[in-house]
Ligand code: HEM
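Consider the single chain below, provided in structure tokens and representing the form predicted on its own.
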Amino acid sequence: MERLIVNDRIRTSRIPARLDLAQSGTGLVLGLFMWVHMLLVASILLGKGAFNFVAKTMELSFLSDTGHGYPSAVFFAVLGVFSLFIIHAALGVRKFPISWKQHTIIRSQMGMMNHSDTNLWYWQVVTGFIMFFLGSAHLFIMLTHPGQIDPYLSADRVFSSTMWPLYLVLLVCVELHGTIGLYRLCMKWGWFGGKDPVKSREKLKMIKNRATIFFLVIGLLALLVFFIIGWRHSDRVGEPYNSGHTTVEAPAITGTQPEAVTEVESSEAAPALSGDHGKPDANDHRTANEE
């Protein structure tokens, strides 16, 4: 709790604590969501069909008679994530240095203390600031194009729409910010503390580092695959992915159909008939006799 001075009287307020709780809650939801989101996006590493299956499942295609799904489901999901994103950013900006002087003081103190967790907090602030702009752009695109998520259309955005620099920077910021945030949540609220706080801290740091490397690697590989698919698809920009294969089945031959087929083939192979009621031309008889 923090102290507030109201009419020359010192009073305690629970508002900052409640805001911290709300910030931690939204951060936890967004951090876990980003891990799941990255795993789903990485399905492109298994092939275009796997990614298309994931995208259609997110559109609830299994509830659709046609199998096309409902893009509105993606719209509302993105809207919910976007709302949490804005709320979390508004709560987090309370602790940002609001002037260059404050930033200089913080950097000076960080140099004197050389405290690893304080350095992590600083990187969390920097990546969070970058994410506010790049993440908002990405979420707005998804919000306005909820039905355009498939291997080709997503790859077209990466390559042909030149969105890959934005996604590259956003990927690094998201993974650093998310893993640091989840680690600091565990430390702040005493989760997984164990009997030895020092060993628990080191273990959580090890998990954080490994999670960061893992999600960065699969994210970079997925972005590279989308880039290659978009490059190969650059001559057909805007053409969606079609997982179906059109096959023309031969009609079943029953009854007198073989004779009908024979007649059609015979009539096609027969010489051209003259206009005199289908009678053969006399020249054809002479030619046959001469042979």
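Here the structure is a predicted model, which means the values were calculated and not measured. Residues carry their position along the shown sequence, with the first being 1.
If you look for the form predicted together with protoporphyrin IX containing FE, you will not find it shown, but the lines that follow are about it.
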{"property": "Joint contact, 23, 91 and 121 to protoporphyrin IX containing FE in the predicted bound form, by non-hydrogen atom at 4.5 Å", "result": "no"}
{"property": "Protoporphyrin IX containing FE: the contacting residue among 126, 77, 207, 86 in the predicted bound form [heavy atom, 4.5 Å]", "result": "77"}
{"property": "53, 231, 70, 33 - the one with a heavy atom within 4.5 Å of protoporphyrin IX containing FE in the predicted bound form", "result": "33"}
{"property": "Heavy atom contact within 4.5 Å of protoporphyrin IX containing FE in the predicted bound form, the stretch among 183-191, 101-109, 196-204, 168-176", "result": "168-176"}
{"property": "Residue 222, heavy atom within 4.5 angstroms of protoporphyrin IX containing FE in the predicted bound form", "result": "yes"}
{"property": "Contact label in the predicted bound form: residue 37 to protoporphyrin IX containing FE, heavy atom within 4.5 Å", "result": "yes"}
{"property": "Contact of residue 28 with protoporphyrin IX containing FE in the predicted bound form (heavy atom, 4.5 Å)", "result": "no"}
{"property": "In the predicted bound form, residue 154 touching protoporphyrin IX containing FE (heavy atom, 4.5 Å)", "result": "yes"}
{"property": "Stretch 110-141: residues contacting protoporphyrin IX containing FE in the predicted bound form, 4.5 Å heavy atom cut-off", "result": "131, 135, 138, 139"}
